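Listed next as structure tokens is one chain, alone, in the form predicted on its own.
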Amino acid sequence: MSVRAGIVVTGTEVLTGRVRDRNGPWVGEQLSELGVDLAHITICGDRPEDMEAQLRFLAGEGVEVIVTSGGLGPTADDLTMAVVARFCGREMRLDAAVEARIAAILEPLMKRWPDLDPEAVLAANRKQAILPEGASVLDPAGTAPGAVVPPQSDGKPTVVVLPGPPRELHQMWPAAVATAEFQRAIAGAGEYRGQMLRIFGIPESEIAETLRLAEDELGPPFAEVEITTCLRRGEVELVARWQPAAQATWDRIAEIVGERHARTLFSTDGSLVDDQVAELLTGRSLALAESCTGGLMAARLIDRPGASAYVAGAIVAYADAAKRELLGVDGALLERHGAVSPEAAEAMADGALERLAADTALAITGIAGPGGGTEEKPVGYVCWCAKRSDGALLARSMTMPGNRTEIRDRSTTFGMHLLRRLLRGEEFPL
């Protein structure tokens, strides 16, 4: 028997796209680790009738748990707690202990801002201490408490009410999970195992064919493993989830994937190519020369822990004059082959190696758009060169589809894989 859950993300700012939802996917991942199947993530604005409609919808889908995020602040449009109480058939009551806790949290704020009217502030935040009767109260990580609200009648789900700011939600989640109400609601959850495989250099249709072959070989047991695929940044992510009894089935599926995609399967533990490259750069120094990507390659590598130990530096050179002056690229070469060319990419890599005194370099030059392309070199034409100071080199040129953002993003991913191959001493078959 499986336990199903739904998530309701509230907030007009999220619904309209002004704020990106970071809570729904995070809570979904936490539920999955508990063996709970996520059925739906919904987003609604700060209107009580819409919130209640989402709760009714999820209850109608037969979920045992609903997690809400947002709508717990002191302002009039923060109505989630009242809506959940009504949905669960519970009265709202002022919790004096919670009110005192909020007052203590606000005290330092009022000292920093002496012009604030303390009575007005406390009155506004008193609203946050009015909670459903019979709920387990979750101590606030900001000023808003959360709650785990069991239904008054059978047949309705337990509702976990959490704040909208991700930091506060993350901090309160363990307390919510530990409550007796939550544990009763997920009592039927099963044990699941999971694994992510990452593949670079094939279309999703190829992995779909691989999975069809696996299904033909394994027959009905294949369905015991839940598999999803996603194309992201030019990489295919294959995510599998199964119960312990299906371990042998998954092992065979993973083996088939490995056999058919031995040259392009680069991660069997879910690790990112960025992290693999960072590890391979241990004890080395890397120089970057970027044109169309505008420093995005450097940003991805500098994001990794300990980057200062292996990133010697990055030079972003768009104009021909910058390529000449900063990277020492020969002007005659640029005149003859163009700034976007395999020859220019290699010259940029050589310049980065020399100017930044590094032993490894990656250069990227291209036409990301929206204009500037020609028939010979259209928008999306990009050239890469990865080179070591000992002369080892991997270089590629191709035309990539997409808009400016997509071309730049995919260009950095391709650059990562070129670097990975160079540092591992491998060919680049793509």
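Note that residue numbering begins at 1 and tracks the sequence as displayed. Remember, it's a predicted structure, so these values are computed and weren't measured experimentally.
The discussion below concerns the form predicted together with another copy of the chain, not included here.
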Is there a heavy atom of Glu61 no more than 4.5 Å from a heavy atom of another copy of the chain in the predicted bound form? yes
How about Gly142 - does it come within 4.5 Å of another copy of the chain in the predicted bound form, if we only consider non-hydrogen atoms? no
Discussion item. With a cut-off of 4.5 Å between heavy atoms, is Glu99 one of the residues that contacts another copy of the chain in the predicted bound form?
Written reply: no
message = So in the predicted bound form, is another copy of the chain close enough to Ala104 to count as touching (4.5 Å, heavy atoms)?
response = no
Among Arg184, Arg167, Arg93, Arg336, just one has a heavy atom within 4.5 Å of another copy of the chain in the predicted bound form, namely Arg167
From Pro342, Gly313, Pro150, Pro221: within 4.5 Å of another copy of the chain in the predicted bound form by heavy atoms is Gly313
Full three-residue contact with another copy of the chain in the predicted bound form, heavy atom 4.5 Å, for Arg252, Leu280 and Leu394: no
In contact with another copy of the chain in the predicted bound form (heavy atoms, 4.5 Å), from 171-179, 224-232, 268-276, 83-91, is stretch 224-232
Residues in 336-357 that come within 4.5 Å of another copy of the chain in the predicted bound form by at least one heavy atom, in order, are Arg355, Leu356
